[in-house]
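Presented as structure tokens, the chain that follows is alone, the form predicted alone.
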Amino acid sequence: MAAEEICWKCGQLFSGHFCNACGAIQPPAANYFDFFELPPHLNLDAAELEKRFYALSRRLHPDVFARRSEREQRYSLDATAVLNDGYRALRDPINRAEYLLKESGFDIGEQKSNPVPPELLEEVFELNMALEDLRSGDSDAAPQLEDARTKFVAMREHIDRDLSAKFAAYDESESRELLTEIRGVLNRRRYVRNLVNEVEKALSGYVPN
């Protein structure tokens, strides 16, 4: 439930995007969960989010406010920007988790040093050797890279299942400790995703003899 605010136009209390008393559009909430009037959860009903997106798109579209005051036109433009950015962030589970972490005060930026997870040291070493061989024209490295791609894709799928379980646990408890764990899993997923992308890029440029 959105918190009550005071309407800029008539001074009455309201909640949501429009004043209940005078109908004036209000400044949009900056937080995406608040904007869509959804709980700050990591698991969301995708169909419900989409339904709210299209309903708000119709009500907040700048064309609706073309003959209104300059202030209302500005609020409509601001709300439309938040609507689109928020929908992109919340409809994807990984983006949603990163957004919630950021809103909760966690640093989710790419690590500058980008250290190799300890359990992946051997795989990454072998991968880098195979990539170097392929770039040097050694076609025998291609099957090894295909195997590596299969392994890393499976690893990413396993991470996604782990994240799904942690998302559900967080929605039940809203534990900050769980958010810390989730951030660690997301960092590991990002690293594995980058490995998959690197292998696919190398293989896409490989032309068999």
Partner chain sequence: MFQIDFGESSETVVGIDLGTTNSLVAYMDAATPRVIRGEDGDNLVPSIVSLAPNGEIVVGNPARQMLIDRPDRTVYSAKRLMGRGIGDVQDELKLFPFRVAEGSEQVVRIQLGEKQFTPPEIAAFVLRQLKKNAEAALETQVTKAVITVPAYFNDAQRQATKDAGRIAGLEVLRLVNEPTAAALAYGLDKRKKGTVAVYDLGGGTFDISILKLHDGIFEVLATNGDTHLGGDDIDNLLIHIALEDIQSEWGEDLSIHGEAVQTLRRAVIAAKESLSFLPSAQMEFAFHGKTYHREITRELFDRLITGIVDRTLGPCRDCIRDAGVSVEQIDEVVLVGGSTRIPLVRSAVEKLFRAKPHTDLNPDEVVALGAAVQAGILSGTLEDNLLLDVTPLSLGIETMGGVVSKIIHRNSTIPASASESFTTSVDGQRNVLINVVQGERELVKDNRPLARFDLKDIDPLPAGMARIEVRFLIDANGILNVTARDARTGKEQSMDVRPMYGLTDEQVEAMYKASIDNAEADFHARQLAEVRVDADAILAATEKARQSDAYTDLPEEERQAIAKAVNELLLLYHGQDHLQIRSKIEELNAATMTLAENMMNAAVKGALKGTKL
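Predicted model, so just to flag it, every value in this text is computed and none were measured. Residue numbers count along the first chain shown, from 1.
What comes next is about the form predicted in complex with the partner chain, which is not displayed.
- Per the 4.5 Å heavy atom criterion, the partner chain in the predicted bound form is contacted by stretch 78-86, the sole one of 92-100, 116-124, 131-139, 78-86.
- Candidate site formed by Ala21, Glu50 and Arg58: every one of these residues places a non-hydrogen atom within 4.5 angstroms of the partner chain in the predicted bound form.
- At least one heavy atom of Lys9 is located within 4.5 Å of the partner chain in the predicted bound form.
- Although the partner is absent here, His158 sits far enough away that none of its heavy atoms falls within 4.5 Å of the partner chain in the predicted bound form.
- Pro62 belongs to the set of residues with a heavy atom inside 4.5 Å of the partner chain in the predicted bound form.
- Put simply, Ala66 is close to the partner chain in the predicted bound form: some heavy atom of it is within 4.5 Å.
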